[in-house]
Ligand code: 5AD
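Only one chain is given next, in structure tokens, and it is the form predicted on its own.
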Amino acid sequence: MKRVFIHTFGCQMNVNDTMRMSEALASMQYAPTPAPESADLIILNTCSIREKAEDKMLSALGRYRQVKLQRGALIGVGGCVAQQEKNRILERVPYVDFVFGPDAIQKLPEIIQRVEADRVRVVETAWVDSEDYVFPRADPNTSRGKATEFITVMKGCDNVCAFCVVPHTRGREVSRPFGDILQEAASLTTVGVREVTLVGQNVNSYRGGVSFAQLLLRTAQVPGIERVRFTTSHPHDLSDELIEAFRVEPKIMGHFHLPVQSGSDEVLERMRRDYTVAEYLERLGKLREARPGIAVTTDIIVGFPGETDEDFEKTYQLTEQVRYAGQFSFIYSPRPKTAAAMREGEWGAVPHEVKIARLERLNALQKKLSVEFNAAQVGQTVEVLVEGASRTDPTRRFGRTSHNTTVNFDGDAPIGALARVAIGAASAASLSGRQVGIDSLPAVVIPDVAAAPEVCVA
């Protein structure tokens, strides 16, 4: 067996794409390895949402160059940076052998054969037209050993927000037929999976034969599926039907990631986000009424072109008002081909030191709110889907609550069990406790040493 190491950057879509790469390479007798120094093939599955992600990719390529020199390993770059930069990657990094976009994952065996047989460097970044795109069918055996797994339900985005490069790297929205999704969910239960997360760049705009709310409800009805999650969403697709699904189906977990991006209507307009803060809060209020106690998380961009001190104060005040359970906040960085990058001079670039100061202030507030949100669970008993040994202490177990909060706990519940855990301590990022019971056990016994490929995620 030859060995492949895949270094994954970015979102859950990329993590799922990495699984599909591993499956495609299995036909060439490539087995995954967690150690790049033992690999015959190294692939970087890249992200281009932020400039820092590209810097990480280039830094990783520099480290893997030694493996090529010592072992003759092939090196490939896939994902969104590959789609964005194409042959420029080969020009910048002479030891990269091939570059491929997200639509070319199923062509990986063919690409590698061309590199090996013809001794050429290959770039495969052609788009697949939406009407011709076929979502790769997952091999459930790749997920053996896991209690939870991702299912891709759509790709691309039609919103063209001013800051976002996704439409240029992932293309237009394409939804997967709902029957295929339900079949994949059912097949995952045969290897022990009990929770699925439906993923897409703009997942709640899904149009694959049923509405997204109907897709969630139907997935929850698949025998063996005990929990359903999804990510990522756009506020304008938070429909009354989707809110009602949270009201009626307890298997839909009590967590909603709803990116607001800014608390200023003026900034939202420049961002091309087609809602106001008032409209966002109205939809959020209906969601919280339907599912009391739901954990809401968000994305916020600090220092978007033209953002004034007053604009930032509105974002800070919105964070205080909503009391997010958590947020991913970042300073603005211009991305190629986006409206914000082309008009930054016109709108007014925010000085870097101002961006950093605003981000630090916002992060300090969110840390306080996250601690308070998690501290409210201390003294409570919560249901946790057990995912394996704790990453911080292998003598303990870990899993996640309905709120998507990580729990490390003392106990012996097997992977896939729904355990009851009494919470004794909380931090901004996780909870700690002890097992006091088990609500249900998985139908399939899952060994503690997962058989699924190890994935390096940055």
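Just so we're clear, the structure is a prediction, and the values are computed from it rather than from any experiment. When you see a residue number, it is the position in the sequence shown, counting from 1.
Keep in mind that the form predicted in complex with the ligand is not shown, yet the notes after this line are about it.
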Would residue 49 show up as a contact with the ligand in the predicted bound form if we use heavy atoms at 4.5 Å? yes
Residue 173 versus the ligand, in the predicted bound form: is there a non-hydrogen atom within 4.5 Å? no
Does residue 114 reach the ligand in the predicted bound form, with heavy atoms at most 4.5 Å apart? no
Residue 139 versus the ligand, in the predicted bound form: is there a non-hydrogen atom within 4.5 Å? no
Considering the ligand in the predicted bound form, which of 288, 144, 107, 335 comes within 4.5 Å of it through any heavy atom? 335
Looking at 246, 373, 330, 135, which is the one with a non-hydrogen atom within 4.5 Å of the ligand in the predicted bound form? 330
Choose from 380 to 388, 296 to 304, 184 to 192, 220 to 228 the stretch whose residues reach within 4.5 Å of the ligand in the predicted bound form, heavy atoms counted. 296 to 304
Residues of stretch 261 to 275 in contact with the ligand in the predicted bound form (4.5 Å, non-hydrogen atom): 261
